[in-house]
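Listed next as structure tokens: two forms of one protein chain, kept apart as structure 1 and structure 2.
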Structure 1
């Protein structure tokens, strides 16, 4: 089975580089001279909006060889359904991986939106089903269902969604959802059911993922920890699960060049951002737990070769990513394929330029898991 490689879209703007956290493309930070913010021109609204830039990232991803992109969803992001439906007509092969929490939408409505979007795109919708997160954000959304119950709700949601997909009539009387004689109308039936990327690191998440996920999606962690997590998912699954990893990549011609880019960002970190994030996401807590001890230098966060745990300090999001030469990053991705990873969601800041770089320079170097690259080759050329 071939490996699907996605790229991320910053639905919450994008920094021009990892060197400075303050600036953002698209009006998500105060617009100052030099801010690229489609929608504002000379201080006035100009009829464009941030979706123009997201469309450019989608087309760059498509051109660079990514199969599609993840559209994240948080309180202060643009909405992935709105974005996908808006950009559907101006991409051709791009798969929209829509992040959403099942509790916010009714499953019948989700089925209808998905089927219409499948018809508009020729079947290019992919789900990233989120159930964790939580903390104060969950009440911002108006959701009071607690952490473990949210996975039970997700299971019901997907049961109803699948139940109506082929037309029904489908009856369901659950804890969270009830329907009677439900089903997609004839015109909307027969579309491919989206692949499901399922996130979550807790026991409840892994249990639910075993039932519903096509791909079990994890943030990057040190590889031994990922391998253990995959084993837990395998143990909880009836079928052979597939794995996907969401990874920030900072790849340059040479290793030194890559670390120098990190160093420049490190020197600009505001100490106040080092505080802990809130939320009951187990994934976030796991990311933090690998970074211990006194940190005096950015390389202290390189917990295993090329795996750096400080990305959250340079931009919003998870902690771990890959830093290194094009060859090194490709080799690490190969190693992950060797651990059973069948799909990647890569990301790099800024997303548009880095999509071209990673597509042109890293992806062609991938060899898959059956061919180990010997490290002396790299040491000879890089150090």
Structure 2
């Protein structure tokens, strides 16, 4: 089994460190002294744009051994489709994992956009299909479809997209989509269909993933909970499913250095953000359920060795990630491979420097079998 390792590219700015949640190097944040994208020189913007910073992250992670990058999608981000098209020329073999909610695109238009990108990039598009976490973010899109129906809509979307991919004519009469004699034009047919990374922890999500996913994608959870979730996915699948995990990583030369970095960030957080969380995401509710008892110290959120449930307090995103020495983090990743994980989406703050650090110091320590790590920095492919 090969293991694909992706890196996350921030599409809405990049914190300079986990110690400063409200700070940003650029993107959608105000331009202030210390900004990088753009920077300020002699009181004027230097012309460097945030998309160029994203290009730096893509190039850094490509030469550091990552097969591609996740382009997240939220109301406060650049559009991942446009970003992928912009960054493709900055890299050579790097894949772009485009996150999107099917409810906001027509599947025939999505098929045409994807086939055009596949044709232009040599087949480097990967899907991260998300069906929405509910709450204010869902209403921002004008989407009032309830939780389980969002997954039913996603399933229909993918049925239509696959139906038109090789040309048609394709007819479909569903609850959410109806098409007649649809299909891609001849010049766009025959492109490789993107791998699908499918997210969601609810029963409706797992059922839909069983039908469509190439990889069932989960946030990191305590390993015993992940193993249980994987078994539920296997039981709902007609085929042997593959698994992927999205993980924030904070790795340093020693374990003490890594935890000291967390401690410094912890000193600046407002614990009330835990109480203010909203939405009907089952994944988010599961993450909260793993942390019990009174929290008085950052190490209280270490639910199992090196698995820390407080990353969401230091930056936006999922709660759990790995904290430890390079060797410890590599060991935990190997343990996940042992559970059946076939792909990772790793992330670190700031994205640029951490791509180099994790690529150079953690990935070479992995012992997982048939790792697909090809990097000039690593002098070849590890196995």
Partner chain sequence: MARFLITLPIGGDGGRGPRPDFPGFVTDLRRAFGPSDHLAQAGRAAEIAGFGGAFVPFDPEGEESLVVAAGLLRRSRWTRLTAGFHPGVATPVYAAKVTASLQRFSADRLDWWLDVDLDPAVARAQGDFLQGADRYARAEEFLTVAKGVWSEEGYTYEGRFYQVLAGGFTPPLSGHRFPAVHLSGTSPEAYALSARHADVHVFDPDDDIEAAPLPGVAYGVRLPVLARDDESEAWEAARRLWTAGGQAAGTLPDPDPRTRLWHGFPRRAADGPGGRSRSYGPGLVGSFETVAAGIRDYIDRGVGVFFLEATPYIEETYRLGERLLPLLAKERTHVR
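Numbering follows the first chain given and starts at 1. What you see is a predicted model, and the numbers here were worked out from it, not measured in a lab. Note that the rigid core is defined as the largest set of C-alphas that superpose within 1.5 Å between two forms.
*Asks:* Where is the form predicted in complex with its partner chain shown, in structure 1 or in structure 2?
*Replies:* Structure 1 is the matching one, since it is the form predicted in complex with its partner chain.
*Asks:* By the 2 angstroms cut-off, has the C-alpha of residue 326 moved between the two structures once the rigid core is superposed?
*Replies:* False for residue 326: its C-alpha shift is below 2 Å.
*Asks:* If I superpose the two forms on their rigid core, does the C-alpha of residue 63 end up displaced by 2 Å or more between the two structures?
*Replies:* For residue 63, whose C-alpha is compared between the two structures after core superposition, the shift is less than 2 Å.
*Asks:* For residue 48, decide whether the Cα shift between the two structures is 2 Å or greater, given a superposition on the rigid core.
*Replies:* Comparing forms between the two structures, the residue 48 CA shifts at least 2 Å.
*Asks:* Please state the CA displacement of residue 30 between the two structures in angstrom, with both forms fitted on the core.
*Replies:* Its alpha carbon moves by 2.9 Å.
*Asks:* Can you give the CA shift of residue 39 between the two structures, in Å, with the two forms fit on their core?
*Replies:* C-alpha shift for residue 39: 7.5 Å.
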